[in-house]
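Two forms of a single protein chain come next, each set out by itself as structure tokens; they are called structure 1 and structure 2.
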Structure 1
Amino acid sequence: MSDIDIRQLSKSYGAYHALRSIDLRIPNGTLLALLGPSGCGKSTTLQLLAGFDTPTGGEIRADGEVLSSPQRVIPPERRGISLVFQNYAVWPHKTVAENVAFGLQLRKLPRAELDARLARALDTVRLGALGDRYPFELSGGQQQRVALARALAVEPRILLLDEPLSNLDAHLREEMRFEIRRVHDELGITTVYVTHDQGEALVTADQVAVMKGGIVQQLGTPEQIFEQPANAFVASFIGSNNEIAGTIGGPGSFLLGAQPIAGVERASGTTGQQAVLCIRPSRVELCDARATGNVLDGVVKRSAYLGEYRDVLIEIGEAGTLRAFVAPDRRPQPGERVRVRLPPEHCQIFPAPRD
């Protein structure tokens, strides 16, 4: 177990910048999720962490020791870092037990210890009974467990998971999320988990780093990421989100056309600057026509019943549309005129992204 310190890490492939000087500090025993759309740099970060690639700039340290720098990359097998692959990468020519024991054999452990650790690793992922099977005789979920047991058996100081659940079906995926968290709680290994699925990240991680364009957009707990996104991208990428374009009207104020809306200013901006107001549909309230303060008038375009809530799409003039998740017993009809309230504590104001 160890902490990870990533400093100004960059990676370019020719003119393409996969990583632009990222900084991440991952305390010992933390499960960090690297979350982002494809091409955001999360997989590159993982490859650099695992030692399969050489950074263009910056460095990676574990427990203060430099693992990677442009000058020197400690080879993967010497890092004490295990990696679980998206496609499992279970060796087809070895049985489950042989797969898991391989890393232990390399360490030339005494027979008894090897057996004990093998059994413990298989038990950890609940595969104890399948040791003699060949991978082709296993289901996808079981293969994933083999991959996990193989990575854990060598007792790495850091565990890397590369989209470990993306090849599983939805049901299994949900189950494995908790499984991974359980194993982490049991062993407490510093873990970096790469995923594009926000659900996975929120469920499993202690810390989430949202990435885009080779830059860490935000690092925080799942709650922070969800409730206090650092920018419009994070707000939109995590969960459902409404984005309304306007300008900054002053401290804590957003102007939609001429109408001021109070909100939380998430980043400093100058008055008159282009800005975006973000609010989650679940925070948008339908209110009666007399309500005042942070209200907008609109017309219901579409209303969909989703069981636990109703997804209502409201046209609010030139500003476009707004989604609101309302209690299922409210039944706004398309064409109906409604008034919505945007609670100021849930309105997040960001200066507009430049691109």
Structure 2
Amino acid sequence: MSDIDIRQLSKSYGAYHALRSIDLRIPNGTLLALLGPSGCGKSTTLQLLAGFDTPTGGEIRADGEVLSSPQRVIPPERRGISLVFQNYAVWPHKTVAENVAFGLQLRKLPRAELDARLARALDTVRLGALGDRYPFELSGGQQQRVALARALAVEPRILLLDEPLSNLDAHLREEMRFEIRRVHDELGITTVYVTHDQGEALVTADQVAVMKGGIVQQLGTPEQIFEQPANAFVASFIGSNNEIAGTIGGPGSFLLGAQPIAGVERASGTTGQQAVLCIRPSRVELCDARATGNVLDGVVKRSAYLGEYRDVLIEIGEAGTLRAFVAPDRRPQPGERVRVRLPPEHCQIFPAPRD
């Protein structure tokens, strides 16, 4: 196991800057999720960590050893790193046990040690009873477990996961999120997990690095990323969010036209500056005429029953629309006039992002 230190890491392809001087420190035994939309730089970071490409600037260190720099790149096979791909890369003509043992055979381990490591890896991913099966006899989730077991069998000091659940259906993805977290808790291998799915990142990771445009927008625990986003992009990318355009009215104040709305400033701005107020639909309250503070009038445009909650879209004049997730037994109807309250502690004020 290793700690990873990424310093001023950059990667350019001609005029295109895939990474722009990012800094990340991943303590020993941590599972870090690199999260962001396509083209944000997360996969480039993983490629550089694996040793498949050479950085344009900066360096990657593991336990103080330089793995990558513009001057020198240690080959992938000498890094003590295992990589699990999104397409499993499981050999169809080999059994589960033969797939998992492949890397051990290349190392020419004594038979007893090979068998012990193979059994340990299969048991870790709960495939101990399926060693004689072929991939076509397995579900997608089981095939992904085979790929994970193969990566773990060689006992790497660092594990890289490249969107490992993207080819699974929704039910299996949810199951495998918890399985990956369980395996990490059991083994404690320093892990970097690339995903565009914020649910995966929140469930599996100790730390999340949210990326956009080759820059780390925020690094923090899942709770910090969700509850205390650093900017409007992070607030909107992590979970559902309402964004309302307006101006900064002063410390802790947002102006929607002439109406002041109290909130929490997440970044400094000046009075009169264009701003965005973010609030999650689960925090928006439908209220009655007695409610005070951050109350807006609106008209219901849509009301959708989703079982555990009702998703209500409300038109609020100049601000456009707000989504509110309310209790399923509430039944606001399209065209109905309602009042909504935006709790100040859940209103997050950011200067408007620059294009």
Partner chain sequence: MVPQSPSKAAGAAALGYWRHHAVRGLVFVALLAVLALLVVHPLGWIVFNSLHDDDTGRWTLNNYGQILRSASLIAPLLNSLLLATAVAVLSTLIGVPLAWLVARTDLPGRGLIRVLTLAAFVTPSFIGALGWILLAAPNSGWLNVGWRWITGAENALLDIYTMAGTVFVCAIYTVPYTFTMVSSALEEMPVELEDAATTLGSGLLRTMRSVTIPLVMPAVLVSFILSFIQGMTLFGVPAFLLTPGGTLVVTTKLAEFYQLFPPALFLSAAYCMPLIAITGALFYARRRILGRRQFTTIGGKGRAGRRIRLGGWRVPALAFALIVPMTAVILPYIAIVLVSLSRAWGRGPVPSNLTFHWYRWAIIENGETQRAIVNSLLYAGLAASFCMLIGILVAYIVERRLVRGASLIAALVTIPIIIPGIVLSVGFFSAYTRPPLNFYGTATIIIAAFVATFLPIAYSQAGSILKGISPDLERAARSVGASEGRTFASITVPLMRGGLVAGWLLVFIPIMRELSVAIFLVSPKTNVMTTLIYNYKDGGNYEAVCAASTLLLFGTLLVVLLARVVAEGTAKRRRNATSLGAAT
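Only a predicted model underlies this, so the values are computations on that prediction, with no experimental measurement involved. Please note that residue numbering is based on structure 1, beginning with 1 at the start of its sequence. Take the two forms, find the largest set of C-alpha atoms that superpose within 1.5 Å, and that set is the rigid core.
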Of structures 1 and 2, the form predicted alone = 2
Using a superposition on the rigid core, decide whether the Cα position of Val192 changes by 2 angstroms or more between structures 1 and 2.
-> no
Val100 C-alpha moves between structures 1 and 2 by 2 Å or more, core aligned = yes
Large Cα shift (2 Å or above) at Ile215 between structures 1 and 2, core-fitted = no
Following alignment on the rigid core, what Cα displacement (Å) is computed for Leu109 between structures 1 and 2?
-> 2.5
